[in-house]
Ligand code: HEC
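Next comes just one chain, in structure tokens: the form predicted on its own.
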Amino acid sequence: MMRTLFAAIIFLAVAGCSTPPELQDRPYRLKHPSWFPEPVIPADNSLTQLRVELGRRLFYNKAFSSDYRISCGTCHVPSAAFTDGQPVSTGVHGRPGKRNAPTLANLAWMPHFMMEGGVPTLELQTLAPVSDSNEMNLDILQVSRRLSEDDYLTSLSRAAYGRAIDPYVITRALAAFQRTLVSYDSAYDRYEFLGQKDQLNEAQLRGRALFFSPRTKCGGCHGDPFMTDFEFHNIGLYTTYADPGRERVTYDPADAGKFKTPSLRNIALTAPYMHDGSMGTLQEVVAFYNRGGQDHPNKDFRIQPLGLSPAEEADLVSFLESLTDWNFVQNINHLPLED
């Protein structure tokens, strides 16, 4: 009798210490197409189901902002390809930010972050908006303390990373979730890489030919497969830049007004455009490039008047609209989790 009772006590003790079934972790398979290279995932932040879930929960958590009103998802809305439709994003207490919110698609392949490329990893990128007084305006240690008050997040953190919620966990979990935001299923992708020649209409085909032609040179900075070269260019947007761009990092006047080439994937959904949101439509953007931009000593030599007709401008816009990945912007795995 005593032996049976002892065995039962041992069983209950072991069962009580085991991880609940919903917190059993497994590797996460990052789905991407054959025309994308393999992403480089940091050794200390390999993708797992629980790390991605934790990051997803943190992405939409408003405890990151000093006034509890702003989350990452406030400025990066899935239906807008993770932008917010504003010229510059609005932060805590209604404070205007300094730049237009960029899309978050295909960050797993991005070599540097922020428009001036000043942040080398996706893990570190989290710290910039959190600490910025015009965005979230909060110390990351205080964010940790706030999140630690949530028992489920604490359990999830221990199951995913083997430690309580702290800046290490926060930065890595958010990066893990954001690496799963992969966009590759536009009409252009199906035409170009899968051979589905019925995916583009006549206007889009004409626009595609123009886009990749020596005449426009658009494909020189916005090439396959990511529609960006990840480099920094001054496009002659202004003769004098209020935002120095790349110069903030290098302190080299030759980099004034240079910004990272944005991806054109889902570009029809991410208006307004430019680093400061100064152009409201794709038609405005194409017309700007057709004019050749403004004079600036750092302007890229490829930005020259193109002499496009109104019909050719319209064809380019039609092609850009073929870069929309509707499955990406409607993916339920990108939305907030319900408890």
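Because the structure is a prediction, the values reported are computed rather than measured. Sequential numbering from 1, following the sequence displayed.
Not on display, but discussed next: the form predicted together with the named molecule.
Note on contacts: among L153, V169, A108, I235, the single residue with a heavy atom within 4.5 Å of the named molecule in the model of the complex is I235. Distance criterion of 4.5 Å from any heavy atom to the named molecule in the model of the complex singles out H76 from the list R246, R179, R208, H76. Using a 4.5 Å cut-off to the named molecule in the model of the complex, not one of L47, R56 and P225 places a heavy atom inside that distance.
Although the partner is absent here, D300 sits close enough that one of its heavy atoms falls within 4.5 Å of the named molecule in the model of the complex. A residue is said to contact a partner when one of its heavy atoms sits within 4.5 Å of a partner heavy atom; Y188 fails this definition for the named molecule in the model of the complex, lying far away. The shortest heavy atom separation between F193 and the named molecule in the model of the complex exceeds 4.5 Å. The shortest heavy atom separation between P102 and the named molecule in the model of the complex is within 4.5 Å. Of the stretches 144-152, 157-165, 91-99, 198-206, only 91-99 has residues with a heavy atom within 4.5 Å of the named molecule in the model of the complex. Applying a 4.5 Å heavy atom cutoff to the named molecule in the model of the complex picks out I70, S71, C72, C75, H76 from 67-81, in order along the sequence.
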